[in-house]
Each structure stands twice: as structure tokens, then as C-alpha cells.
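One chain comes next, on its own, written out as C-alpha cells in the form predicted alone.
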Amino acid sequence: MIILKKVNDIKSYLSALTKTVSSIGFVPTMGALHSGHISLITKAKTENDLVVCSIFVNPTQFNDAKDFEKYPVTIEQDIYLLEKAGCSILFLPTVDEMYPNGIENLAHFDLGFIETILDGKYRPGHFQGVCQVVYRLLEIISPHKLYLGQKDFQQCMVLNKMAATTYPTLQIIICPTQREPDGLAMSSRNLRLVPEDRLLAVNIFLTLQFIKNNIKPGDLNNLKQNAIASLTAKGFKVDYVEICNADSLQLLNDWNGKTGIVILVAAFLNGVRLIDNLLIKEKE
């Protein structure tokens, strides 16, 4: 695996390969890699001649400065995992390389209502930051395929919307959420959980399962409120438990029993924010 830290270096390197490489797969990350990230690398490796992974903790997508400061950094372990997985190139830029003109007055993307709900509501500016960094990375790497994890369901939809107008030929591949044996969605933020909270964290997945097992056509509000109450009683500070149209992410208070839906949860556990979702294409 080749490690490159400069924008000009990776551009030059990839440009020299254009005659021999017909497909580049790209996996953007913020590091603190786990098996979920590696599953994206593995998928990309099977579908492309070359796989590029980036590690960059992007300051523009953190609406909480303390969250940015506490984001886990495990670069040596990350490099080991990427090499073991057969990643071709690791792009490891600094903030100055990514944003040579600073982080003020960056591009603004028209994302519509999707950035006003769920994480967009509770983390204002977050999705603009996500789009800014991914747009910049796509500009640098020019991949054919972009690999994302379903755990960040709303983020996947946001990036689909951004790419549709800025990189219309880009293929976005959404890969299933990878889970721990007890069901907890793999996340870099899990590293911040103390052992007792790690045991409690599985309740987010259990809440998703509870909703899936009890949902029925008609009013959804009682089901959502019961889920919030259950998580709160276990020590979570809940941002939201919502049920949305799986295609549009429109929030639903009533369900016809046929429309594909996604259940989404975001909650804090002693200062660590965890998210998860469960996609239900049709009622089983």
C-alpha cells in the first residue's frame, strides 16, 4: 500500500495510471477503522482495479468542537488494517492540504429538506460539512465508484443528492451495516464507550428490533414514544426515534403497511452520540 499526504502527489500518481487502471474505488473515512470500514475496502477491491482509502477527520462537519477534539485517532492500527485488507493507496492529508484557502466561505450545497430533519436538525451544518469534504475528495481522486456504509443512512442520501449534480457519472455503492455479535452497529465512536456503557449501547439495536417486530399499519406515534421512553429509562439522552419513507426520508406518523420504511435512532450515552437504522422494504 502506498501512503500519500499531498494533493499534488496523489493527483500525479493517479494520473499516471489512467492507461492501465480502468476503475478506481474510493472509501472515504475519518479513521479509527473497524471491520465495517474494512468490509467497504473488501467490496471495492472485488469491483475495481485500484482502491483508494482516505483518512481525514474533517473539521467542517463537527458542529461541536469538543466532539471534534475527542474523535478517536488510531492511525498505526488503521494502516495495519488497510494493508492487511489489500488497499492500494491511503490518502492522509492535513487540513491545510484539504482546505488551502481555509474553512471559511466553502461551497454551499442545495440539499433541500433532507438537511433540516433527523441529524440535520440536531447537528446544524453537519451535512454541508460532509458534502464539502467529499466533494473535495472526489475532485482530488476522481473515482469511478464511491463506497459508503448504510449505518449513515441519511448521509448516504445526502451524498447521493450532492453527487447527482456535481459528479453524475459516479456510482455510489451502499453496503450493509456491519454489527458486533450482540447487534451493536460498528462505529468509531464505540471506542469512546466505557465498558458499562458498551453493554448498554446494544439497546439502540434492540429498540430497532422492537419497532420492527411491533410495527403495524396505522398510527406510529405511540410506538415511537414507547421506544424513546424505553431508551430514556436506560440512561440514554434521545435525539430522535423516527420512522421514515425509505426512498425520500419523509417522516411518517402513519404507515400504510406497504411503503418501504427505515427506522432511525440517534441517542447519547454519557456524552457519546450513537446512531443506527434498520431498513424494512416491506412488512414481514
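From 1 onward, residues are counted along the sequence shown. Keep in mind that what you see is a predicted model, and the values were worked out from it rather than measured.
Keep in mind the form predicted in complex with pantoate is missing from the figure; the text below concerns it.
Student: Let me know the one among 252, 215, 238, 30 whose heavy atoms come within 4.5 Å of pantoate in the model of the complex, would you?
Tutor: Exactly one residue meets the criterion: 30.
Student: Of 133, 89, 162, 85, which residue is found within 4.5 angstroms of pantoate in the model of the complex when only non-hydrogen atoms are counted?
Tutor: Of 133, 89, 162, 85, the residue with a heavy atom within 4.5 Å of pantoate in the model of the complex is 133.
Student: Taking pantoate as it sits in the model of the complex, is residue 155 near enough to touch it, meaning that at least one heavy atom pair lies within 4.5 angstroms?
Tutor: Close contact exists here: in the model of the complex, residue 155 approaches pantoate to within 4.5 Å, heavy atoms only.
Student: Is there a non-hydrogen atom of residue 58 within 4.5 angstroms of a non-hydrogen atom of pantoate in the model of the complex?
Tutor: Yes.
Student: Only one of 244-252, 44-52, 22-30, 224-232 has heavy atoms within 4.5 Å of pantoate in the model of the complex; I'd like to know which.
Tutor: Among the listed stretches, the partner-contacting one is 22-30.
Student: Pull the contact list for 62-94: residues with a heavy atom within 4.5 Å of pantoate in the model of the complex, in sequence order.
Tutor: Sequence-ordered list is empty.
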